[in-house]
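What follows is a single chain, given as structure tokens, in the form predicted alone.
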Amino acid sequence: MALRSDWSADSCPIARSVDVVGDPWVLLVLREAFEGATRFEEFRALGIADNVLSRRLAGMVEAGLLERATYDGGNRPRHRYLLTGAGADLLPVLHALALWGERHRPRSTGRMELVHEACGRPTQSADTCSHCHVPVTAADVSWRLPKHPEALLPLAR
């Protein structure tokens, strides 16, 4: 029995998008990829079961969010998972979710901030710096996490 409908051919672009990124594990894998994770073992830090992670990575490759690249892993070839252009285009979506979560599901231990490195200021916008009004990309934005407020986490370059 299918867990949900197939919306891949729906006329609504939101439904087609949710068909690809509507699974919470997909968004969390993307978050880890933006933070620099590329190997299966690094994505396991999410606490996801190996079989689920394997299926999600394969689905993300099939959907064009990640590409699988082989590297020499010693005894056998290993794979890295790299963000594609389509995957990188989801950065504003992750930013919007993070900002929404901080506004509507805040934690008492502090807030995550999106910091535009060019001007050094936190932004309250998912895709444009709310201070200097320049579009933000993975190359020029960092995440300041509540557990390490003194340090910026630059996104994978």
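Since we're looking at a predicted model, the values are computed, not measured. Heads up: residue numbers just count along the shown sequence, starting at 1.
Unshown form predicted in complex with another copy of the chain; subsequent notes refer to it.
Go through V115, L53, A37, L94 and name the one with a heavy atom inside 4.5 Å of another copy of the chain in the predicted bound form. If I apply the 4.5 Å criterion carefully, the residue I get is L94.
R107 within 4.5 Å of another copy of the chain in the predicted bound form, heavy atoms: R107 belongs to the contact set for another copy of the chain.
Does the 4.5 Å heavy atom contact test between A58 and another copy of the chain in the predicted bound form come out positive? Looking in the predicted bound form, residue contacts with another copy of the chain do not include A58, since no heavy atom lies within 4.5 Å.
Would R103 sit within 4.5 Å of another copy of the chain in the predicted bound form, counting heavy atoms only? Contact check for R103: yes, within 4.5 Å of another copy of the chain in the predicted bound form.
Check I14 for me: does it contact another copy of the chain in the predicted bound form (non-hydrogen atoms, 4.5 angstroms)? Residue-level check for I14: yes, a contact with another copy of the chain.
Residues in 12-35 close to another copy of the chain in the predicted bound form, defined by a heavy atom within 4.5 Å, in order: Heavy-atom contacts to another copy of the chain in the predicted bound form: C12, P13, I14, A15, R16, S17, V18, V20, V21, G22, D23, P24, W25, L27, L28, R31.
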